[in-house]
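First, one chain by itself in structure tokens, the form predicted alone.
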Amino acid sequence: MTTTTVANVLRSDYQKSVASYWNNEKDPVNLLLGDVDGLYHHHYGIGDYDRSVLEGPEDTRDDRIITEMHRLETAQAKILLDHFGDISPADRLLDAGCGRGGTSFMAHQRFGCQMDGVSISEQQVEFANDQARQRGVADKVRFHFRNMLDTGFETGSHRGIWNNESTMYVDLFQLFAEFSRLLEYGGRYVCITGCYNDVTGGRSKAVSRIDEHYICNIHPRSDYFKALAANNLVPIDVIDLTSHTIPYWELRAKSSVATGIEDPFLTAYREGSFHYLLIAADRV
């Protein structure tokens, strides 16, 4: 690959603005939750929450909520990794849009395989590589300042690739073309993503507020399947997680790390204009 520089990684003003956002992001909703056990996620949670966290001493109530939210986020990552099936220590996986590396470390712990993570945020990459050194796995888990649309990795070099809530920052056809190139024949792609409902006819007001908040571009549900089909990626599992993520947002709205975006998420999910999907597809 050409020497990695900001100029050849960030190829548009939009990408520069996204990178700047994440380079400067120090949101407690990501950092405080990661401090619970050292796994720093940049995604949301699934599953019902334990109502007892809202009871008990008031002075420790928020700590209980933070710990429970982190449990739900980790549960989401476990569901994503479940869909890779049998991965051997000799295999290689790619975390595209890796954030601070939480899911990558979970994958290495589960499979013992080589992990690559890529992000256009230099700060995220630095943080994640520091975590890898602290964990003593820097020889197997590496994070790279690279663009997921043009990673520079060898053709057919990866057994599996995932996006965990990062597809809304890129063109899906370009993204899946790159992943189709990277995956070996029979390799698996998995994503968990929010997408707007084509049936309701375009982005709702609530979905547009989410786009504005995160400087992203949420795709219609149909675009995922069009782009997968165009790039030799055949879905084997499609799971609607929408009802399973609503409790996470209800709990987050009661926490000290609420940002104000909780209401648009809950409105969009409840009105049916926004879906939370897991898609697993095989490279053919």
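Residues carry their position along the shown sequence, with the first being 1. Nothing here was measured: the structure is a model prediction, and the numbers come from that model.
Another form exists, predicted in complex with geranyl diphosphate; not displayed. Remarks below refer to it.
Quick one: which of 87 to 95, 181 to 189, 149 to 157, 210 to 218 gets within 4.5 Å of geranyl diphosphate in the predicted bound form, going by heavy atoms? Result of the contact check: 210 to 218.
Under a 4.5 Å heavy atom criterion, is Val29 part of the interface with geranyl diphosphate in the predicted bound form? Flag for Val29 set to yes.
Does geranyl diphosphate get within 4.5 angstroms of any non-hydrogen atom of Tyr49 in the predicted bound form? Outside the cut-off, so no.
Although geranyl diphosphate is absent from this view, report whether Met168 comes within 4.5 Å of it in the predicted bound form, heavy atoms only. It does: once geranyl diphosphate is placed as it appears in the predicted bound form, Met168 has a heavy atom within 4.5 Å of it.
is_contact(Gly194, geranyl diphosphate) in the predicted bound form, heavy atom dist at most 4.5 Å: Yes, Gly194 is a contact residue.
At a 4.5 angstroms cut-off on non-hydrogen atoms, which residues of 79 to 99 are near geranyl diphosphate in the predicted bound form? List them in order. Contacting residues: none.
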